[in-house]
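Just the one chain here, the form predicted on its own, laid out as structure tokens.
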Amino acid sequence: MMNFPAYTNFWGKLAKYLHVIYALLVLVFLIIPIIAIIPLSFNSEPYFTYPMPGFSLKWYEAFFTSPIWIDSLKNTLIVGVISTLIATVLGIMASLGLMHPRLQRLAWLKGVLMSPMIVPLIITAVGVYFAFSPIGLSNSLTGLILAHAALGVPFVIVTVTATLAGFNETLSRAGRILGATPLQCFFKVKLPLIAPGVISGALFAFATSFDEIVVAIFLTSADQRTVPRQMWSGIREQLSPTILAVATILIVMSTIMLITLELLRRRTERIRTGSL
């Protein structure tokens, strides 16, 4: 039951209850299409309808035993991990630069760095394709890694910049007074304290790369498919319940990432308020 202040009248309580009910209905409306596919991934028959005739794990077995799906998973993980590392390093460097007193007034610079998050993905994909083709980076995982790194940098900048805003620069100055070099101050003083923001940004960058398909369609060849592109091809060529099993795995991974991000956010908040 919700607690109300003593001065809340009947209409105030009614409005609060209606607001909560409306929020729950919106939440259900958004989640039901996602949850509905999870039971179907355990269907014993290759049908996409309820009720299910039986329970089976064969679609998950088909995923983990299929060379095509395993190769797609390997490509996705390779691209995701390497692009996340690149995006994290570039994002941290950009955040440190944006927090410098001389650059904090240049709002347009931050807008330029955040543009991959704002520009429609199809425009980015076309631009990257025409930029990478002359130098031989189209139809290659290297080109896809660089493109995904560019897409992930804004997420790292957002989270790291927010964490740096609450960082006490006195700690860095104390380290310099004690004889540490700027690099030592960064790795031994600043980086451990902003680590939750760095990890949050890296997780966002990895998630962006893991389920990205538009750029992958432009930059990868038929034998360099990622999981999202393989799912797209499977839907177009032969609709199989294996796709539902893959979608369920992606939902579980996304849920774990969201829980991790929430835990990191709470830790960052405790650091900022000094309760940790």
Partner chain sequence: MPTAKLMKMIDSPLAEKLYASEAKVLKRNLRRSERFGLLRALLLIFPLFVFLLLTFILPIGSLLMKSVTDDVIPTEWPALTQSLGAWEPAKKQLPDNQTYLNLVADMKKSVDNDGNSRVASRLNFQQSGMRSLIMKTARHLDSLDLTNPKQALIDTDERWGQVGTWTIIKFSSRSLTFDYFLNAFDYSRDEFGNVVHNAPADSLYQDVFVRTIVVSLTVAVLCVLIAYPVASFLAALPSKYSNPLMILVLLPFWTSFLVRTTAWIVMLQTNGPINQFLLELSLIAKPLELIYNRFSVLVSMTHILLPYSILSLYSVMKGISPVYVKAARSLGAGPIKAFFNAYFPQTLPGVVAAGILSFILSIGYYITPALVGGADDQLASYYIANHVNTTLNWGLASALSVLLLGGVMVLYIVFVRMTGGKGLKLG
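Quick caveat, the model's predicted, so the values are computed rather than measured. Residue numbers count along the first chain shown, from 1. In this text, rigid core is short for the largest set of C-alphas that superpose within 1.5 Å between two forms.
From this point on, the text means the form predicted together with its partner chain, which you will not see here.
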Is residue 51 one of the residues lying within 4.5 Å of its partner chain in the predicted complex, judged by heavy atom distances?
yes
Residue 127 within 4.5 Å of its partner chain in the predicted complex, heavy atoms:
yes
Within a 4.5 Å heavy atom cut-off, is residue 29 in contact with its partner chain in the predicted complex?
yes
In the predicted complex, does residue 70 have a heavy atom within 4.5 Å of its partner chain?
no
One residue of 164, 113, 81, 195 in contact with its partner chain, assessed in the predicted complex (non-hydrogen atom, 4.5 angstroms):
113
Taking its partner chain in the predicted complex and a 4.5 Å non-hydrogen atom cutoff, the residues of 205-225 making contact are 207, 211, 213, 214, 217, 218
Residue 15: Cα shift of 2 Å or greater between the shown form and the other one (core-aligned):
yes
